[in-house]
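Below sits a lone chain in structure tokens, taken as the form predicted on its own.
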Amino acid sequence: MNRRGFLGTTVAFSAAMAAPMIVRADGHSRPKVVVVGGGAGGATAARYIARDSDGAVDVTLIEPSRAYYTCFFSNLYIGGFRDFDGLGHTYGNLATGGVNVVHDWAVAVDRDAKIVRLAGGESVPYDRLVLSPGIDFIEDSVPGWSLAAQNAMPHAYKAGSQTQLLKAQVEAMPEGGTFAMVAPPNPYRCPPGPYERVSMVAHLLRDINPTARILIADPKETFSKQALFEDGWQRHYSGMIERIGPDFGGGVVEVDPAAMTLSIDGAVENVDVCNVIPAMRAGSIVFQADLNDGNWAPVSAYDMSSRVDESIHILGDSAQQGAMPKSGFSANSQAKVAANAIVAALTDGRAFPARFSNTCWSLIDTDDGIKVGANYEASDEGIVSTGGFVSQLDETSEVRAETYRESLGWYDAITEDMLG
């Protein structure tokens, strides 16, 4: 997918939203939208609401970090296909595009007063609130592991210093050492992500430590693009990777970060690097605002509004929305639907039927890219697929190389679409 193709639907969508009239909220000179979280969902929503309302809606983005490092493509940094700085992006273009960017932590939502409280002591009022806080980890989901152990056994599933740490640990492994991964249970951010990471670690080790071993303890029966990954591992990294699924104890795992051991169904392994990716849930502010049902936040597929509070929209990884996987592409797509609905509700703009799309690309080795994706629409039961696609096992090397190049074009397009 190239940049023009990715942005094409967005341009047409925006043109149809031109020149809205304002319906003023009580007490405000302009309707106010507050967006919490500056990732693929939040940044996209903030940018589109500001742009498509032509400045008629006051938009504030609350994000603690001054630079955003994409989780997507962070595995390619571990494999040596991307430099770390290439994952980083600033919020400067959002600010010049009319978004008030506030670098602080949103610590509470007062739904009755329609106020977001910040760690710095400020309170920000809203008419509509967008929450896109990503994922948090479920403590004790992997016995022996906690956030306090993340430097000994990194998760590297929120891009940034954890990604750099994991790569440094892999590079420092002794000759013939063992890299272990504890894979997460469903549902979790980026279903193919752990297995692309295994591919990238194998790519790196093949060059610098070819007798090293990779061990995956996996609680799931199957995983995304499994046949494609396993075929690629056999072709590129034969004998290096061993996956232990639930039938052989892969779901009965404990770790000891001090001793650097991994126990699988009672069998203890000494490991040199242990990448623990715990079970996940919605970001903590979803729970503080009492918008969750279990680990996730149920939403309407028609506009991504909370099923608990219609003035709050929840995007991306935290949303319990139906069939879409939790991914950056999904969050970006959901943000555009929510932005359209919000601008239409706060002005006399037109609300379009909700349409969604997602593609997840993965790199196995140099110029060996694979993908899976689908289009979606809204229903009363949630977001439902209207048709999908997946790479095939017998594709030529040129098709695989083109798939990888396609992913590079998508990366440039989505980061521009999010952040301007």
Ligand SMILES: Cc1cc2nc3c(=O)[nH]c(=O)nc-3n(C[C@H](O)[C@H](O)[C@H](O)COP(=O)(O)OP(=O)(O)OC[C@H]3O[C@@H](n4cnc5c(N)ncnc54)[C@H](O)[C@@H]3O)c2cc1C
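Position 1 is the first residue in the sequence shown; the rest follow in order. Model, not experiment: these values are computed from the prediction.
There is another form of this protein, the form predicted together with this ligand, and it is not shown here; the text below is about that form.
Ala106 is the sole member of Val253, Ala183, Met200, Ala106 with a non-hydrogen atom lying within 4.5 angstroms of this ligand in the model of the complex. Exactly one listed residue, out of Tyr77, Phe329, Phe179, Tyr126, brings a non-hydrogen atom to within 4.5 Å of this ligand in the model of the complex: Phe329. Although the partner is absent here, Tyr376 sits far enough away that none of its heavy atoms falls within 4.5 Å of this ligand in the model of the complex. Contact check for Gly55: every heavy atom lies farther than 4.5 Å from this ligand in the model of the complex. At the 4.5 Å threshold, heavy atoms of Pro133 reach this ligand in the model of the complex. Contact between Ile285 and this ligand in the model of the complex is found at the 4.5 Å heavy atom cutoff. Of the candidate stretches 81-89, 344-352, 230-238, 133-141, only 133-141 has residues whose heavy atoms lie within 4.5 Å of this ligand in the model of the complex.
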